[in-house]
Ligand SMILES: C[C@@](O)(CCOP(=O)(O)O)CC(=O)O
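Presented as structure tokens, the chain that follows is alone, the form predicted alone.
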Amino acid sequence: MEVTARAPGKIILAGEHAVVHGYTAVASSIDLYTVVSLRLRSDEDTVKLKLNDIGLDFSWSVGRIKEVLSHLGSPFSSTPTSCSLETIKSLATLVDEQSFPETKIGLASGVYAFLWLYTSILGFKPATVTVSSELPVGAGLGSSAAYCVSLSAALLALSDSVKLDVSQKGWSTFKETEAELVNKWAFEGEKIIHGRPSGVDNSVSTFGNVIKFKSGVMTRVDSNMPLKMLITNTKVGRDTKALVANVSARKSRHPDAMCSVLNAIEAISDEWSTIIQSHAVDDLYLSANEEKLGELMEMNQGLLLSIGVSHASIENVLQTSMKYKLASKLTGAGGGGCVLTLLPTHISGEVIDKLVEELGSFGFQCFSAGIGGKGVQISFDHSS
């Protein structure tokens, strides 16, 4: 039997950078997924990891994993636990034994997370795990969280800690308590990859829909608007830590002005969450709400520009989308990365195609995505 889990990526709709200073941010799932397929094997004595999108395959004998991680003991799938420094060193030994291209060494932490989650949840069973994704890596769309969530979900589905109806066909969801367990394990994987993540990305990926986040407290929001965004990946890498540090430095130099800016960003976040929870009574009402959200995006982008996190590539997207009277804003840390453009329900496919073509001329990558969809889902294949 093969189990497959898929988990969505995420975007920040409003509140990036402000959230670092204790203000509200609003994040949403998008219908672009990372998919993990897991098949336990009785014909081999190895654990294989295949990362399809980046062309990397890894294989360890079960005996070797047991030898290096013998101190872990039995699997503890129902008790999400942080990976110790001692275990990180052991994982490094296993990863270092593999052929890892120097150009992709930055992805090694994702392999560490795999080995930790796998052995912690399933122990030392031979298996093949295949990962594929629609999410670009390092673009601020929650690719690592979607990876950790889908991986945790697939592993837990074959553990003793969750009870699933394996006879059900198609995609199914976890019960609330089981989804919480998936989320906690995914957060442990995120900590291996990122050190001190906020927990927002894995929570959005696990539960889907929209989440408000303030001072470490997450509130799930049910969106009632069928919103669609064009996501433009500028492919410009950014240093998130440096951007956050620069905003903090600006706040230290101009405390009163920055306080006003951050308060304004929070007001936008609050209005976003209010609007998307409203029920559209007719097309006219929906169109009016879309127009309000577009205005909020434009204001938010102006505020983000004022705190120094925009970039020439982002401005190119803004100016291009403005030609088509569409509102855009950066999402995530800024300084490159991705830009959101709201696609109103009345917009024609022809206009979208023209916009995508023009943005493509800059070397940008575009894809449209619905926001506020389902979180992690699971399916079983008995034919394999």
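Nothing here was measured: the structure is a model prediction, and the numbers come from that model. Under this definition, the rigid core comprises the largest set of C-alpha atoms superposing within 1.5 Å between the forms. So that there is no doubt, residue numbering starts at 1 and follows the sequence shown.
We do not show the form predicted in complex with this ligand, though everything after this point is about it.
With the site C-alphas superposed, this ligand from its pose in the model of the complex keeps every atom more than 2.4 Å from the backbone and C-beta atoms of the shown form; the site is open. Of the candidate stretches 136-144, 121-129, 155-163, 203-211, only 136-144 has residues whose heavy atoms lie within 4.5 Å of this ligand in the model of the complex.
Among residues of the shown chain, A333 is one whose heavy atoms approach this ligand to within 4.5 Å in the model of the complex. In the model of the complex, at least one heavy atom of T240 sits within 4.5 Å of a heavy atom of this ligand. In the model of the complex, V244 approaches this ligand with a heavy atom inside 4.5 Å. Contact check for R250: every heavy atom lies farther than 4.5 Å from this ligand in the model of the complex. The partner is absent here; in the model of the complex, the one residue of H311, K228, K235, H194 having a heavy atom within 4.5 Å of this ligand is H194. Contacts between 11-40 and this ligand, taken as any heavy atom within 4.5 Å in the model of the complex, involve I12, E16, H17, V19, V20.
Taking the rigid core as fixed, one finds a CA shift for L122 smaller than 2 Å between this form and the one not shown.
The Cα position of H21 differs by 2 Å or more between this form and the one not shown after fitting on the rigid core. With the core held fixed between this form and the one not shown, S132 has its Cα displaced by under 2 Å.
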